[in-house]
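Quick heads-up: it's one chain on its own, the form predicted alone, in structure tokens.
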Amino acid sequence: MDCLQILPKIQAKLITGENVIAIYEVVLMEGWVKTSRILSLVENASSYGFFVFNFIRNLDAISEVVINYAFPINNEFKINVDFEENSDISLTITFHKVKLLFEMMSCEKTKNFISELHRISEMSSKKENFLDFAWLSKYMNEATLSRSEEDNFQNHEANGQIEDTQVNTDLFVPRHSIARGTTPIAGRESAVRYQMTLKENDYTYTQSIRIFVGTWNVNGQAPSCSLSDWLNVDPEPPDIYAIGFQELDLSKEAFLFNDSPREEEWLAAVINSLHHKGKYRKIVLIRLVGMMLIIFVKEQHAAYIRGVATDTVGTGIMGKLGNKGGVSVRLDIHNTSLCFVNAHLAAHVEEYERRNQDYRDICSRISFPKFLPPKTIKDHDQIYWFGDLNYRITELDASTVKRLIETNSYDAILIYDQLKQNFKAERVFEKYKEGRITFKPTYKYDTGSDEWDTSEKNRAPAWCDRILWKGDRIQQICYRSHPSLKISDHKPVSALFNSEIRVIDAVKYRKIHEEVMKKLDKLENEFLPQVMVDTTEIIFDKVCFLEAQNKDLIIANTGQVPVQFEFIKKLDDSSYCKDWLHIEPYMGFIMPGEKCDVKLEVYVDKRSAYELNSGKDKLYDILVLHLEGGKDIFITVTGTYIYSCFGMSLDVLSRINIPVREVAKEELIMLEKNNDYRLGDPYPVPKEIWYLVDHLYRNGMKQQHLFEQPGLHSELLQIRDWLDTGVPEQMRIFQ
């Protein structure tokens, strides 16, 4: 279908100011069947809606379009794309409790549509609180009504089939539309994937794991002390460590060449300080200049980690270099996706807008290209964002801040915290959460002490080092700093989380998968194309040269679905039948309860006659009647060929002194194969040639327009029989 032809009808459904900016035809998985749908992205005053249209055909034209679904593209609108090499692309759209699975061809147009969908989703998520989706209400109500009407029709159909065949409603399919050929059954892989997606809650359960997130700006220092007071302070070991560093190395070499001995030094210090009760495996380490992120998991979880990917973004000098920016790791543990972001944002008190921009740049530029389309930070179930975010305290001088710290009046200070202010104004970290801060500011200290900055700048203490999170089923257990570590002008910070992840119950998964497969097998068997043929053995009578014979084959559709049939060629054959056989029609479409009459014609001409005379071929063929989506039926075609002098070489005819029909078949074959084999004394000229010339001389010399007009077919058959039998009395030509 050309989507541009249907675009005017979709645009006509909208009002002035609402514009279709993208349109694409897809296949929607519904239960056990697949149906064609049109996806549209619609814009209205900078807000966007995702529409799913059904359409009604009238002959070859689209007569009407109907809204099936209409969703606002906001933070509740989720996109997931699955892609495998040499296969279709699966697009899953989730909005609240509605989950839709679409199949799309793997092509450039599909990728462009998905990229546009991701772009709009990303853009909308940044400014959702400023968007008005009220215009979508009427379309969402219209979609609900149209689906209700479809459900009523399907329920009526389902009730009918229960009364007639006692079929379980769990196996409901639109039988009438399938029988009409308007609704095809879904492909096996697609149906299984869709059903397992719908039943995910039945074979998964939640399991609580503990995640330790730590961040420390080490100011270019070497690890001269143990890190246990930071990484090993809890009674029980965490399941996952996500440890982020900033300013790991401040040297020119690290900046210019991204090469630093500090990486190995700090990695070794971390490994030596992990919780003593746990055995850990390093999953990944990613570094950009001075920003480094390391992920460890307990050995018992390592086998369930997959889809690990990393990316880095520089937002420093010229907005590109890696003195500032972020490093990120994503992974799947069991059936839950996690994303960790370690960031170092722009410095200086007055540069909070630059910090906000750094955040937005990291969000838009972090990408994991091993997925198609690439996943971004927001495309994960749980996100942990931490680092030296560099937000400061404004409107309070250093002495006032220090005085409030002495009385533990942190809340009074945090009113003037730039991150809190920008977060409240929804300029950054939309939908993220941060635990209550109950610890002293982590910056700036005199190196090697717990004293606040005594330099000329006399900076006001601030909570530069922060940990935030986003996602469901995350509970922060604690949020703290670790002031005993004094080698930097920052104090390390950590947070401990209880994270509920989805785990697949292997036993339940296999059981549900088996149930789905059994239902699918039952459905496929029920709707397997089925036909009956009136015979599988077609026998022709005696077949003569240039004399056609016909037989009919009746193919009746005895199943419940339309049947597409075709006679197909066998292995190594160039055609579906031999040259002397013609089939009409050789392919066709039969609706349930109908039949098709197939005509088979045997006709031996001069090309096939030689093969038959020489024994290289015989009147025998096996036809393969193929049913699309069903089994093959084999039909044999046989007949007895009456040998003729036509199709024989002149050399063979000169070595036969009796009529051809009096020669045994074996002897004719021997004459063709052996030049020395003869029946009697050979003639200098084949007798058949002599007979023809003699008859013309005796009877045709006075014939008007001789050789100027073709003879009658009946006359050719007389000549054939006369030459093959040697009985000239049968000839009546020219007499």
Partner chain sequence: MSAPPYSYSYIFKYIIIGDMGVGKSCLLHQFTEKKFMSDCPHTIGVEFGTRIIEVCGQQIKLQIWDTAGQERFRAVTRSYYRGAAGALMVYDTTRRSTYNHLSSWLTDTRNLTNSSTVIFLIGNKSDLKDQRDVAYEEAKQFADENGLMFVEASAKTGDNVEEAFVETAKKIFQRIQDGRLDLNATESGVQHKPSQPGRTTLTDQSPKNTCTC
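The term rigid core refers to the maximal set of C-alpha atoms that superpose within 1.5 Å between the two forms. Residue numbers count along the first chain shown, from 1. These figures come from a predicted structure and were not determined experimentally.
The same protein also exists as the form predicted together with the partner chain; that form is not shown, yet it is the one meant from here on.
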item	value
Stretch in contact in the predicted bound form with the partner chain, which is absent here, among 69 to 77, 314 to 322, 451 to 459, 574 to 582 (heavy atoms within 4.5 Å)	574 to 582
In the predicted bound form, residue 278 touching the partner chain (heavy atom, 4.5 Å)	no
In the predicted bound form, residue 629 touching the partner chain (heavy atom, 4.5 Å)	yes
4.5 Å heavy atom contact, residue 407 to the partner chain in the predicted bound form	no
Interface membership of residue 529, the partner chain in the predicted bound form, 4.5 Å heavy atom rule	yes
Option touching the partner chain, based on a heavy atom within 4.5 Å in the predicted bound form, out of 135, 423, 255, 509	509
Proximity to the partner chain in the predicted bound form, single hit among 234, 351, 611, 566 (heavy atom within 4.5 Å)	566
Residues within 4.5 Å of the partner chain in the predicted bound form, restricted to 274 to 293 and counted by heavy atom	none
Did residue 375 shift 2 Å or more between this form and the one not shown, C-alpha, core superposed	no
Core-superposed comparison between this form and the one not shown, residue 439 Cα displacement 2 Å or beyond	no
